[in-house]
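The chain below stands alone, shown as structure tokens; this is the form predicted alone.
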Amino acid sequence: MRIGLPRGLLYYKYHPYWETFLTEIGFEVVVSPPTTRKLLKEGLIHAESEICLPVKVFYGHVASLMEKVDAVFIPRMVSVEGKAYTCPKFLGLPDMIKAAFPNIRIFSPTINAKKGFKGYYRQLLLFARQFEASAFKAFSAIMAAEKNQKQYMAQLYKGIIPVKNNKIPSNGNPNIDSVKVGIAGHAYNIFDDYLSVGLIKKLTDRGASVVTPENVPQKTWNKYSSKLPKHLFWTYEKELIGASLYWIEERLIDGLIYVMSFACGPDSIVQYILEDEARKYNMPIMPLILDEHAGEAGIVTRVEAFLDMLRKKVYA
């Protein structure tokens, strides 16, 4: 059976896990192509106008797979740690996609860390057993997936860009004074070249060194996010804030770019927190809002102006 894996949302975090797991239990995995203008337009046709840009793009990725696969894999991501939840859009994503594409078959095992390891493994084992995989084969598939995911995460902590599997250049133009920029944003925003308009390359081509939340271990961002007066119950927002506070407080960056999606509620809350914390440490910060109307020229102008400001501040 050919199973589709949309190249959107949490694909950028967990693609080694899901590709390995599905292959090991006998599926032929088909990944949708990188985002394009045509794919985004397809997503806009099927998605509700009020939802955020990366979810609209996800609809487009599902549409691109419909004629190529027998089913699409969209896990219901409820929680990936015991004391927090994922964004509501991940909880309801399988239902939203099913409503838009009633003729497509969707496989959506529930991932809920609040039920502990037993509940988590049980969901995946039950999913695998539906396709005549033995208990041993199913468990072996989970172990192989976890091994590949851990290796992938270890590489991220060394500076690897997700999916592309190559290092972020430390300084793309040695003739320009280098500044270090932290990019705080969800992986599906900053590592989708179409959505981010190639933000990382634009920074490195102009002499900047770049770090992202994926380069910060969970233990570190958990530690720094816990300094806030109130516990954050959105895991991926906690990751953005914790990584940013780590960079800011330890003076590891010269400036921060916060990449956010238009119409994303959690993103707007994170923006307020980051701007408040950056102000305390006199850290320059530039919000960058992505939507379907974002133009490359405008982003280039803002990036160049931000880098010029940082160089004047650092090398004054």
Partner chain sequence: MKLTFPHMGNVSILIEDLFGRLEIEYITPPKTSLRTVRLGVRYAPELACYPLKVTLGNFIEGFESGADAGIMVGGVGPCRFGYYAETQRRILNQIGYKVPMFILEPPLAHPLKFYRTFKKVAPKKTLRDLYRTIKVSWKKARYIEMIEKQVLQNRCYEKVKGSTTKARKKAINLLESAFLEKEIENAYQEATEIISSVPKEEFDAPKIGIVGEFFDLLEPFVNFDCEETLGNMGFYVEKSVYLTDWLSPGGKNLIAGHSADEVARAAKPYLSHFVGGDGRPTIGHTILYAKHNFDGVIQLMPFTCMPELIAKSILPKISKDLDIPILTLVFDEQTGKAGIQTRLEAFADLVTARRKKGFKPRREIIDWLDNKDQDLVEV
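Positions refer to the first chain, counted from 1. Everything numeric here is computed off the predicted structure, so don't read it as measured data.
Same protein, other form: the form predicted together with its partner chain, not shown, and the subject of what follows.
*Asks:* Check 51, 89 and 266: does every one of them have a heavy atom within 4.5 Å of its partner chain in the model of the complex?
*Replies:* Verified in the model of the complex; spot residues all in contact, yes.
*Asks:* Going by a heavy atom distance of 4.5 Å, is residue 110 a contact of its partner chain in the model of the complex?
*Replies:* Residue-level check for residue 110: yes, a contact with its partner chain.
*Asks:* Please tell me whether any heavy atom belonging to residue 185 falls inside 4.5 Å of a heavy atom of its partner chain, as the geometry stands in the model of the complex.
*Replies:* Residue-level check for residue 185: no, no contact with its partner chain.
*Asks:* Should residue 147 be counted as a contact of its partner chain in the model of the complex, where contact means heavy atoms within 4.5 Å?
*Replies:* The answer is no: residue 147 has no heavy atom within 4.5 Å of its partner chain.
*Asks:* Wondering, does residue 98 line up within 4.5 Å of its partner chain in the model of the complex on heavy atoms?
*Replies:* The answer is yes: residue 98 has a heavy atom within 4.5 Å of its partner chain.
*Asks:* Which residue, 133, 142, 106, 153, has a heavy atom that falls within 4.5 Å of its partner chain in the model of the complex?
*Replies:* It is 106.
*Asks:* Of the options 289, 286, 44, 29, which one has a non-hydrogen atom that comes within 4.5 Å of its partner chain in the model of the complex?
*Replies:* The residue from 289, 286, 44, 29 that makes the contact is 289.
*Asks:* Going by heavy atoms within 4.5 Å, which of 187-195, 208-216, 133-141, 72-80 lines up against its partner chain in the model of the complex?
*Replies:* Residues of 72-80 come within 4.5 Å of the partner.
*Asks:* Quick one: name the residues from 189-213 with any non-hydrogen atom within 4.5 angstroms of its partner chain in the model of the complex.
*Replies:* Read in sequence order, no residue approaches its partner chain (within 4.5 Å, in the model of the complex).
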